[in-house]
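Okay, so here's just one chain, in structure tokens, the form predicted on its own.
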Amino acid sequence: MRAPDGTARYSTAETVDFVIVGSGAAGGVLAKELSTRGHSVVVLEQGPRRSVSDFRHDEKSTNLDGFLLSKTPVMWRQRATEEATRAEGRVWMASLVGGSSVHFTANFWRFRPVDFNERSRLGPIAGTGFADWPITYEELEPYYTKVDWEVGVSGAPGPDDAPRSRPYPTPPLTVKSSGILLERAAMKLGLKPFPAPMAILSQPHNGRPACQHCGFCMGFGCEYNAKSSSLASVIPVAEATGRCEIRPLSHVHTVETDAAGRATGVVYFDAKGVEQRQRARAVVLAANGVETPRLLLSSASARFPDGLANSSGMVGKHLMFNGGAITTGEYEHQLNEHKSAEVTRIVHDFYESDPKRGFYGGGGIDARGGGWLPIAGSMNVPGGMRGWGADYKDWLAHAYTRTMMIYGHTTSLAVESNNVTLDPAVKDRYGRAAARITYEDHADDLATMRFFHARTRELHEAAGAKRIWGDPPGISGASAHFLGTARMGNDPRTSVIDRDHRTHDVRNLFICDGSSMVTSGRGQPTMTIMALAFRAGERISDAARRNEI
């Protein structure tokens, strides 16, 4: 059946080929890949459907009140011996059709070959689950290229980039003040800056317009459709097939299985809070690195007492974030960083781990606004200055347009005790157990963040900053990246899914999102998540056609 707008509508009594849980970076791509290959698809998204007319330049509503953010409670603790507290402001994930790809900054680095086989290159790291991926960069490269062209990426190859089979579809975004200053400072220090690859169109592409340089990117939806979210890029393609239904405000609480241990569909609460069941020949989880393990653990049964697809005991474990190191600089002249896209130049000279540093880790550096919008900028105050009073107001009036951040994005090691579990006490409004995050930075992660903090100060100094502030990182205070909690691997004893994203335990249950990742990369996982989804969609569809699901 089709709705008046031509999109598919399936009855809950109908068994569809695939039900996908989540519509973000991975879920949107999977919906497009499976529906364009002839399969019937229902995508269940717990957030609402927003249109471009809903996105507005309202910093209080969007960033302070969390207009786009998940309202589902999450608990957080640093160690298993501590009490968990509500993670207000520490978990930054969107809840709407398109997921966090709608509100992300749109930094869009590919991984490099080293990210996939670093364990073999460097050896083990004590106290971690540091491991190689079961796939290589070379296998994933064609799907990175699909992301470039089908989702939409602007950029130009950097001096140390991994090999690519096709150029970017659109050139780099126009460089802004922070990019020029970073470029000059980096070259002065003997580094090799280059244009930032961004999932924002610099020119019209695939029927979508170019960036209008409004400055409302990070945390905001794009009212021009220039930002390459799954909502703007691949979901419309999926819906146009007439075989894909996007069903918002659908809170999935259980993946059901039959006596043979096969997934038969999912049970969810609809927009009215009524329990519904969607039957499917196969289930794909793409809900992110917190919500996917939460759903697997919540789907425990007599056959799967420790949680669905969890015979390895690895579901929820090896949680990785990405580290961050930020300093702010105040400059003599106006930079006006509140305008245009966040990032236009990056530095990857410290990308790989260097044994000479004495610890594992690497990353990339970018430059961006010093608070980027008025409310956030007013809170980014130099050390020793009061955040109120006449002197503060005079400083803010002068400095707001003259500041920029230099941001180091770093690795995060897979540690088994860093995990997502079910909170024994806190529940959401549907009675589902809240996710509980336990996370403590590995010593090497902290050392890497401090190393990058020193590099960001050096770059400010080389760029001529009049004042520099920002404390060295102590712990990871918050995260927008939740990775590794249903990791990919060849050995069912140490991983949750195989190299084709099929769970080892349930033949017709697949997982593809940040939880699939084996290593964290260097701070920007979204492009790799989308590339994995293009590859997974192709392989899952081929397996279905061979009657192997």
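Numbering starts at 1 and follows the sequence shown. The shown structure was predicted, so the numbers you read here are calculated from the model rather than taken from an experiment.
Below, we turn to the form predicted in complex with a small molecule, even though it does not appear here.
A.B. asks: Thinking of the small molecule in the model of the complex, which stretch from 391-399, 232-240, 284-292, 126-134 has heavy atoms inside 4.5 Å of it?
C.D. replies: Within 4.5 Å of the partner lies stretch 284-292.
A.B. asks: Just to confirm, S353 within 4.5 Å of the small molecule in the model of the complex by heavy atoms?
C.D. replies: So S353 does not count as contacting the small molecule.
A.B. asks: Indicate whether I497 is a 4.5 Å heavy atom neighbour of the small molecule in the model of the complex.
C.D. replies: Judged by the heavy-atom cut-off of 4.5 Å, I497 is well away from the small molecule in the model of the complex.
A.B. asks: Can G99 be called a contact residue for the small molecule in the model of the complex at 4.5 Å between heavy atoms?
C.D. replies: Looking in the model of the complex, residue contacts with the small molecule include G99, since a heavy atom lies within 4.5 Å.
A.B. asks: So in the model of the complex, is the small molecule close enough to A26 to count as touching (4.5 Å, heavy atoms)?
C.D. replies: Within the cut-off, so yes.
A.B. asks: Tell me, which of K317, R110, H442, H103 has a heavy atom within 4.5 angstroms of the small molecule in the model of the complex?
C.D. replies: Contact residue from the list: H103.
A.B. asks: Tell me, which of T145, S476, S95, S202 has a heavy atom within 4.5 angstroms of the small molecule in the model of the complex?
C.D. replies: Flagged contact: S95.
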